[in-house]
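Presented as structure tokens, the chain that follows is alone, the form predicted alone.
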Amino acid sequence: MGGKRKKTDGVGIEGGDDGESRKKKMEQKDMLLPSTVKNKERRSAVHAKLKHQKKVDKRKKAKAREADEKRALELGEELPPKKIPRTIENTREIDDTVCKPDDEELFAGNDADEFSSILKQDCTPKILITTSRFNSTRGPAFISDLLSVIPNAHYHKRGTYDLKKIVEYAKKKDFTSVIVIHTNRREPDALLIIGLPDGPTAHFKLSKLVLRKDLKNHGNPTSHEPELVLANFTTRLGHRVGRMIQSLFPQEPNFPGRRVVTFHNQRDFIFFRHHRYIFETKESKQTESKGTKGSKEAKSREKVIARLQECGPRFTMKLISLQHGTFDTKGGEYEWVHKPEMDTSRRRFFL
């Protein structure tokens, strides 16, 4: 009997050790990476468990942060600093060509570049818009949208004329820029902007074009001169491209028209948007408790809200090349040309 009891006691001790080892094994299984599991079902289960655990940890951190902010507000202390998310934009590679606010050489170059006469309002911009020799069905619709966006823009049919002859004609007629819309397979796929009379010439790839008629609940633009917003053109090359785009529009916007044209640069992709805005005042009711019996009184406060309505069109541009002078494919010198070898990292940007 005694021997049996000792045996059972020994088994019980071993069972306790097995329980601890099982717990350790379970913890190790929880720490397993999905890539180390060969079985497909187990791998998906491990991945789902890790994903769920990340969500739980994120909620706990958010609740703790809200509690700290609430405690700081009650005690009248400073709020804890907000964490800046890690993005591709704020972790970009260091670029020596990024413009600085105290760069005297940059400001001196602005006074002597090709766009200074327009940006100083010595002359008004006058734009000639034309197409490639083989136009498409969506080309005329895109041109009509551009004519409503850019003030003082005129459309001329290309016909069989060479582009150099069109540039000479535009110089004689005192045009300040020429925009050529290139089409491929019945779809506009490129944009050529030629500054006159001395250049430069910028070649953009055009993508994700949405015409005004294809936008839901779109607005109809008026004839007022729009406000221009240029965002994130930070490098020397981006600054030059931004000034070129700025020279297409008049420098005195008509604010009662409430029109905004935006060129937003993000990761070297220039997103174009065209909006109308309106300010509205809305009353928001807030309840406040007063007295010992907990009586509540409603107070109305007015808030000014800005609403946007997209007018279209909508498209995305990417710079392919920037050339000195007017359009010349044979003897022209290029300031900058994009090549596939330059894309060495996702965090390397040029504009």
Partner chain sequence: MPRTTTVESPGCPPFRALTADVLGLVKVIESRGEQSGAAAKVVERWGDPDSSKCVLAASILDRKTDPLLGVARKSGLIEVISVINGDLRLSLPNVCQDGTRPEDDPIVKLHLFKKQRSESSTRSCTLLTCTTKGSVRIESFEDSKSPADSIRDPSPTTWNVCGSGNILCSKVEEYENYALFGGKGVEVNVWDLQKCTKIWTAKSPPKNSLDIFTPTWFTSATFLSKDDHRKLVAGTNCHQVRLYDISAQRRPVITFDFRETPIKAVAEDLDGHTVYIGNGSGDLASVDIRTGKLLGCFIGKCSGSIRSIARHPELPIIASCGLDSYLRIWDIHSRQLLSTVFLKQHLTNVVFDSHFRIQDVAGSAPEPQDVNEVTCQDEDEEAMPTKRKTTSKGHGDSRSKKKKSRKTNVAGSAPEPQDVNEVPWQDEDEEAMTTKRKKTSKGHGDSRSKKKKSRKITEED
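Positions refer to the first chain, counted from 1. Only a predicted model underlies this, so the values are computations on that prediction, with no experimental measurement involved.
Missing here is the form predicted together with its partner chain; even so, the following discussion is about that form.
Listed range touching its partner chain, judged in the predicted bound form by heavy atoms within 4.5 Å, from 214 to 222, 247 to 255, 120 to 128, 101 to 109: Checking each option against the 4.5 Å cut-off leaves 101 to 109.
Looking at 324, 61, 47, 307 here, can you tell me which has any non-hydrogen atom within 4.5 angstroms of its partner chain in the predicted bound form? Contact with its partner chain in the predicted bound form is made by 324 alone.
Examine residue 348 and determine whether its closest non-hydrogen atom to its partner chain in the predicted bound form is within 4.5 angstroms. Although its partner chain is absent here, residue 348 would touch it in the predicted bound form, with heavy atoms inside 4.5 Å.
At 4.5 Å between heavy atoms, is residue 96 in contact with its partner chain in the predicted bound form? Yes - in the predicted bound form, heavy atoms of residue 96 and its partner chain come within 4.5 Å of each other.
Flag residue 236 as yes or no: does it have a non-hydrogen atom within 4.5 angstroms of any non-hydrogen atom of its partner chain in the predicted bound form? Yes, contact at 4.5 Å.
Using a 4.5 Å cut-off on any heavy atom, which residues of 313 to 351 would contact its partner chain in the predicted bound form? Read in sequence order, the residues that approach its partner chain (within 4.5 Å, in the predicted bound form) are 324, 330, 331, 332, 333, 334, 335, 336, 337, 339, 341, 342, 344, 348.
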